[in-house]
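Heads up, the chain below is alone and in the form predicted alone; it's given as structure tokens.
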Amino acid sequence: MNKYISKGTKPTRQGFGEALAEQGDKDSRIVVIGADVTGSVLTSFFAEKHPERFISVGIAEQNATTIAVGLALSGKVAFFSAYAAFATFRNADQLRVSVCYNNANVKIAGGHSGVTVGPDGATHQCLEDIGLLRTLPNMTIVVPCDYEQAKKATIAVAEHIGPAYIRLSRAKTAIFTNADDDFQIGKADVLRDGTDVCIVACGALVWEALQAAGELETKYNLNVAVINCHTIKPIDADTISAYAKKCGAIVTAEEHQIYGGLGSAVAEVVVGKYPVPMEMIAMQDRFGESGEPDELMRHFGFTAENIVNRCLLVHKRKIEQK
């Protein structure tokens, strides 16, 4: 049975904004840099409480990142947040050389990621950020699954020493974890045990994975495990390989390009530790489109229905290989 129920909806960006402002009360080293989208990524909460530690640089993401590095190397915990598409790709050189090469204590919050940005369209629907950042030495990548986990992830990222990226969404998504749930960077959450298929998901697709697992149990009598892999790097290889062995088949689900994201990271673990049949739900090497978030999720297959179909397919592959 699925013990997780939705307790309402809020965007993960709100959990980030609230937690960052609260953490600013506890740690005077935290400084935040904005790039003219403060109200959108909700660093406005921090700016309102701690205006003396907030710097707005305008639409100048590369400059903002370089300033963050200088502050970090001077002993500050520097956060910079903007839309993921611009906080990462416009910033690629600064992230590689200034942040990661220096192992600087800079935290990048990429808001408005994935197709759930909706009407903003393909240019703003960042679906490649994980792939880019996974290649950078010293970079930690966290993708919280809901509002509550985004709050805990923000605190953990603030306390983590070294470069980190937290991936956030604009759209409201189901709140199904609890404020007192444990959160640890690098340690995946097993939300549901199982033996037939294992779904490994991140971000908004975790809730869809839970719905799919429930349907697979009731309609198809399949016992499906669900893992919330909130940390893409460093990935929890021990948990993933253990469930590859236990279930014998894996489906990954993410709101990201099929290349370089969660699916690739899981495949790298599985092929080296315990090879099993895999299916990947992700964007199929194309750009997004304008539309409402729910419409786009359905259009591109980021739904429980598609997860169910892929689980049935990978389970069939598993049986045929025996």
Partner chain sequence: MSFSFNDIIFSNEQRKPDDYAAITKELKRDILKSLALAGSGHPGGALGIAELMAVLHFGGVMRYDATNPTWKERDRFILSPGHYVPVLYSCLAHCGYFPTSELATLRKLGTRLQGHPAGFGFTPGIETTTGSLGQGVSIAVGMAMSDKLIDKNSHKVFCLSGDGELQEGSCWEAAMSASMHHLDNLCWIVDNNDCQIDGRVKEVMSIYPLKEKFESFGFAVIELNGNDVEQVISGYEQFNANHKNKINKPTCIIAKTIMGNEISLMHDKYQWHGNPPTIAQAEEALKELEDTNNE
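Just so you know, these numbers come straight off a predicted model, no measurement behind them. Residue numbers count along the first chain shown, from 1.
Another form, the form predicted together with the partner chain, is not on view; read the next lines as being about it.
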Original post:
Counting only non-hydrogen atoms, which stretch in 36-44, 257-265, 287-295, 62-70 is within 4.5 Å of the partner chain in the predicted complex?
Top reply: 62-70
Subject >> Heavy atom within 4.5 Å of the partner chain in the predicted complex - residue from 135, 102, 123, 178 >> reply: 102
Original post:
Which pick from 276, 280, 55, 269 sits with a heavy atom within 4.5 Å of the partner chain in the predicted complex?
Top reply: 55
Original post:
With a 4.5 Å heavy atom cut-off, would you call residue 182 a contact of the partner chain in the predicted complex?
Top reply: no
Subject >> Contact flag, residue 221 vs the partner chain in the predicted complex, heavy atom cut 4.5 Å >> reply: no
Original post:
If you check in the predicted complex, is residue 241 within 4.5 Å of the partner chain, heavy atoms only?
Top reply: no
Subject >> 4.5 Å heavy atom contact, residue 211 to the partner chain in the predicted complex >> reply: no
Original post:
Counting only heavy atoms, which residues in 81-111 are within 4.5 Å of the partner chain in the predicted complex?
Top reply: 93, 94, 97, 98, 101, 102
